[in-house]
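This document opens with one chain alone, in structure tokens, the form predicted on its own.
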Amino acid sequence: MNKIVFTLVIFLAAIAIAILVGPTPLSPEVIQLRLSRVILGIVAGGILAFCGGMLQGLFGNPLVEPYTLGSASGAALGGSIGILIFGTISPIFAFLGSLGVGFFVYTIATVEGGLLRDRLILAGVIMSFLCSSLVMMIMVMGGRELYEILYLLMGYLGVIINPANRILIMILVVISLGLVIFLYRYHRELDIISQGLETAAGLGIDIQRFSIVVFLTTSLLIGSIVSIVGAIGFVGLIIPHVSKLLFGPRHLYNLPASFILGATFLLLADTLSRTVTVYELPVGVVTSLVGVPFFIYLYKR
């Protein structure tokens, strides 16, 4: 109970800090803009961390996150194509990019009708590098400013919610939260799979079907997030481990805790990104500065 209270207090404190702290004096307009950032930060950080927890539980690999399976990079590639065509990130193109790369990775990892989980991870990493290179090439050849590439690849919560995009963002948020609830229903299956694939198969879990459902659903979620705020790395890697340390290995508890902690982490990272320098940094720069040492620590272990 103390851990739950502590987590909620930190979460509320992060919201207050994100609203009140910044280089610009407070005014009704500034507060409205920061509230938009808070909403996007909660949704994006929560979903990224939740998806990371789902994928790590499914593959039994502590280094798995949406980036390592290619979903985030595929969505960024689709979003960059949308920028060239429409002048802004297109949610539809980001969705298609995430699903397209996800399907391609799944095809590579499938051998004789079976899905090889280790091969899926390797294929995802390779596709992430390829998509990032294609994004850079497309944006440079298209004559776009380099800062647009950085914000697309590293993430940006300063999206202004206005009458033109409010309905679309609300639809994406509602659909994404619905998919989170859908995936959370499988917390028992994740607990069983963590005991071993043979045990899970013996208890009647169809590992192949379950892997496909989780992989495709998380690809949809990542596509929706990247289409709004760009690709933000390492949230899905770091936070699930922190959640497990605090709340234990049972996914009944650590998945919702990952959502709250992910939102908290991204709100604090965004606050730091817009206050540490004169020019606002992409929020992914801050998450990477924290995530890379953590990744090295996990890899050494």
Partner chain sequence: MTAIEVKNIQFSYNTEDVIEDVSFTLHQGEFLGIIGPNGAGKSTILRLVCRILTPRLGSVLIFDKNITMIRRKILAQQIAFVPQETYFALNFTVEHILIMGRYPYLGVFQREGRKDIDAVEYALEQADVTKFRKRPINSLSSGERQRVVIARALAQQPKILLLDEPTSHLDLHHQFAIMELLKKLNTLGISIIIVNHDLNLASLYCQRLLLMHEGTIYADGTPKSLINEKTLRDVYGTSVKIIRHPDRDVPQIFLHPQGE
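Residue numbers count along the first chain shown, from 1. This is a predicted model, so every value here is computed, not measured.
Here the subject shifts to the form predicted in complex with the partner chain, a form of this protein not shown in this document.
Proximity of Val135 to the partner chain in the model of the complex falls outside the 4.5 Å heavy atom cutoff.
The shortest heavy atom separation between Arg188 and the partner chain in the model of the complex is within 4.5 Å. Mapping the unseen interface onto this chain, Arg274 falls outside it, with no heavy atom inside 4.5 Å of the partner chain in the model of the complex. Interface residue remark: Gln195 is counted as part of the site for the partner chain in the model of the complex, having a heavy atom within 4.5 Å. Heavy atoms within 4.5 Å of the partner chain in the model of the complex map, among the stretches 38 to 46, 249 to 257, 65 to 73, 265 to 273, onto 249 to 257 alone. In summary, among the residues Asn165, Thr217, Thr110, Thr199, the only one with a non-hydrogen atom within 4.5 Å of the partner chain in the model of the complex is Thr199. The single contact residue among Met141, Val174, Ile85, Leu203, judged by any heavy atom lying within 4.5 Å of the partner chain in the model of the complex, is Leu203.
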